[in-house]
Each structure stands twice: as structure tokens, then as C-alpha cells.
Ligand SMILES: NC(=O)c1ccc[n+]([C@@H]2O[C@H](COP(=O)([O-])OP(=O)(O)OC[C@H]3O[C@@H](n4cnc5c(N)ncnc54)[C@H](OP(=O)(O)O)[C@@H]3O)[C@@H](O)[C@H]2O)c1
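Next up: a single chain in C-alpha cells, the form predicted alone.
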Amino acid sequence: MPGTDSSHSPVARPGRSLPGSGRTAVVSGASSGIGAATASRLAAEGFDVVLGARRLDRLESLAASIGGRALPLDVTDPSSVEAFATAVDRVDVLVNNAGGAFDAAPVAEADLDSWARTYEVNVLGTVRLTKALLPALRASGAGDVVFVGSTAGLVSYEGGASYTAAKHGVHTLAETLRLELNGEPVRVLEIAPGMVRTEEFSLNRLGSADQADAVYRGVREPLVADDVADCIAWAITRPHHVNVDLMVVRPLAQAAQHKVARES
């Protein structure tokens, strides 16, 4: 099981940023998109990075390039999560990034299998991994649990019920865990991005490249994965008495979930 020796934990003093050096960060869903960008950014900040995902070939390639450690992880599989937790000696930061959207159907046409998959990956998978690594985060003396949420967890919209329901669950999970850990040396942070253009998110949701491209068509500079990774790195390197409860980040072109400026 994860180690409990916190004698060498770098605890930040008030007013001083918390360094990456000497700290171990676990990133789930690290084989692509925001997860891959976050793993790369945290390695550059000096963290020892453990990358977890199902696609081990992609994971190992990225880990080799950044000096991290790749471990297979399927957050929907309890035995996979248990094996992952056993293999990690120390955890100072957990970035719960694994997730996704898999349909855009209205409620009247809901595919319940898609709903179950969405909830299993985004909510139950996040709970499994957090529960498994929480003892090590507590033992670190200055732990961070980061939830990569979404503005879909704050606002609902047509055609997004399966995903918005799941991300509302992630938002509530973060709020509840923060209450339950109050007084302990573990911060709970949530980063909620709006429109982020990655290579897979909209493609997985809509099923075709043309439909995925249409989501971003005419939008000047949607966010990219590196933008979100920058927010995560900033939040977890603040002095440890500073808790970024919720950071909402959108591209300038997106004023709200339903209000996006598009150029013709």
C-alpha cells in the first residue's frame, strides 16, 4: 500500500510557493489531452510524476519523454485501481483527470448504457482512485486532491444531460470531500474548464471528425490542454495554506456555456 513516511515532506511556509521538487504527483487519464499536458507540465515543475491510463503504449512513450513513471490504470476496474495504489510508494498530489463524454442525446432519447459509462468513468472512477490514494495523501503532510471538473458541472445545457449530470457529481464530490477533510493537511481543489480543444474529447462524444470540428468552428483561440495544465500547476504550487476551491477557466470567446463568439 502507499507509504506513510512523511518525514521528508516539503511543507510550504506561509507566503511561499510550494515547490515541485521532492513531491510526487499522480495524474489519471494521462495518455492524452489535459492529462498528458498536466503530466508534462508537472514534470517540468520538478515533480516526480506517476502517469496512469489504460493505453499503456502511449503512456510509456510520454513517461519516457518527461522522466515520469507509467502504470496501467483503469479507474472503472476496482482491481486495477488497487494494483495502481499498491505500486505507488508516495503521493503528494492526485490529479483526478480521467473522464469523458460519450453522447449528446436529449433525455427523451437517452442511451442508458452511455449514461452508465459516463457516470462510471467520471464519478465512480474518481471516487475509487481518491479513496485508494487518500491514506498516502494524508501521510504526505501536505497533500493535494485536484478534480478536473468542467463548467458542465456548474451549468446545464440541452443535449448534455449525461455529461452534465456526471460533472455535477464531480463538483459535489469535491465540495463534500473538502468539508470532510477540514482540519487535515490535504487540500481539495477543483479546476472547471469551459471550451477546451483536444484531439479526442468532442470526437469521442460526437463520433465523427466533422461534428467534432464544428464545435470549435469560428471560435478564436479556444483553450487547449496546456492552458488547463497551467492552471493546475499554478494552483498546487501555491503555499499550502492557500486552497483554490474552484477555478473556472474559459476562452475569451466563451462568455457562458451558451454564449460563444464565432467568426464567420
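Nothing here was measured: the structure is a model prediction, and the numbers come from that model. Numbering starts at 1 and runs along the sequence shown.
Unshown form predicted in complex with this ligand; subsequent notes refer to it.
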Out of the stretches listed (233-241, 60-68, 22-30, 43-51), which one is close to this ligand in the model of the complex, meaning heavy atoms within 4.5 Å?
22-30
Which residue among L177, A165, V121, A85 has a heavy atom within 4.5 angstroms of this ligand in the model of the complex?
V121
Just one of G160, G169, P193, G141 has a heavy atom within 4.5 Å of this ligand in the model of the complex. Which one?
P193
Partner proximity in the model of the complex: V95 to this ligand, non-hydrogen atom cutoff 4.5 Å:
no
Find out whether any non-hydrogen atom of R220 is located within 4.5 angstroms of this ligand in the model of the complex, and reply yes or no.
no
Contact test in the model of the complex: G100 vs this ligand, heavy atoms, 4.5 Å:
yes
Is V188 close to this ligand in the model of the complex, meaning a heavy atom pair under 4.5 Å apart or at it?
no
Checking a candidate spot here: are S156, L246 and H258 all in contact with this ligand in the model of the complex (at least one heavy atom each within 4.5 Å)?
no
Contacts with this ligand in the model of the complex - residues in 144-166 whose heavy atoms fall within 4.5 Å:
V148, G149, S150, Y163
